[in-house]
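Next comes just one chain, in structure tokens: the form predicted on its own.
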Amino acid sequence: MQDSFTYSSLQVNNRVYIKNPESSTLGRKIVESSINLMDKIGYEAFTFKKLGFEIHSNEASIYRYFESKNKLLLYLTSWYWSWMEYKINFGLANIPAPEERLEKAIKLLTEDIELDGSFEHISKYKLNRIVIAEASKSYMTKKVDQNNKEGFFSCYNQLVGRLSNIILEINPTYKYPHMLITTLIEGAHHQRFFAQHLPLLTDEVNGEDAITEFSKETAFKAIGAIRPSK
């Protein structure tokens, strides 16, 4: 996939940033270093002053790209969801049966992202950890309604809508496709966090990725369908 993947394949709302970070070496460095720093110290402790120290530049240079750290987080999470949709579209190509497409999509959505190095300047492994731990802070704000109107969450919305359509292919009468998909995504993220930090809140099963298998079982039981592999 990496051979055919290019940054231009992704779409991030241009209102999230002031200047496209992909337009310059400094912008790409800001993105790369912000991922490294936020993964290391967390969103709350993250500041543009600390980021400036990491990139050997001043805060003013960062503000030329992002007006706040929340907008930077929105950019990172939007990039992640756009990449995830690309990954799923690529993975589902040439799979005609909707049941098989749904099972493959759930696997891609919920599986653990391996430490595979960075693609260009973005570590998907670290970005996945940021999304798991911090993504809710991008929308749990007083500006969420205005941000939604401006399309800041369009990448996530589009991904959920695409997978909801697969559910409706399988069971057109199912009433809660969007709720099911978002529950699977957010639930899997919580379980990944629990597995690492609060293991008594999740389950470990030898020989399988319990989180992904649980997600598949939940989805197919909810819509009253039979899993292709079962």
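Fair warning: this is a prediction, and the values are worked out from it, not measured in the lab. Numbers follow the displayed sequence, beginning with 1.
Omitted from view is the form predicted in complex with another copy of the chain, to which the following refers.
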If we test each of 137, 101, 71, 126 for a heavy atom within 4.5 Å of another copy of the chain in the predicted bound form, the one that passes is 137
With a 4.5 Å heavy atom cut-off to another copy of the chain in the predicted bound form, the contacting stretch among 154 to 162, 73 to 81, 103 to 111, 86 to 94 is 154 to 162
### Message
Would all three of 14, 61 and 66 be in contact with another copy of the chain in the predicted bound form, where contact means some heavy atom lies within 4.5 Å?
### Response
no
Using a 4.5 Å heavy atom cut-off, state whether residue 55 contacts another copy of the chain in the predicted bound form.
no
* Just to confirm, residue 150 within 4.5 Å of another copy of the chain in the predicted bound form by heavy atoms? -> no
ask   = Though only this chain appears here, would residue 180 touch another copy of the chain in the predicted bound form if you measure heavy atom gaps against 4.5 Å?
value = yes
Residue-level contact is defined here as any heavy atom of the residue lying within 4.5 Å of another copy of the chain in the predicted bound form; does residue 34 satisfy this criterion?
no
Checked 24 to 43 against another copy of the chain in the predicted bound form; residues with a heavy atom within 4.5 Å, sequence order, are 39, 40, 41, 42
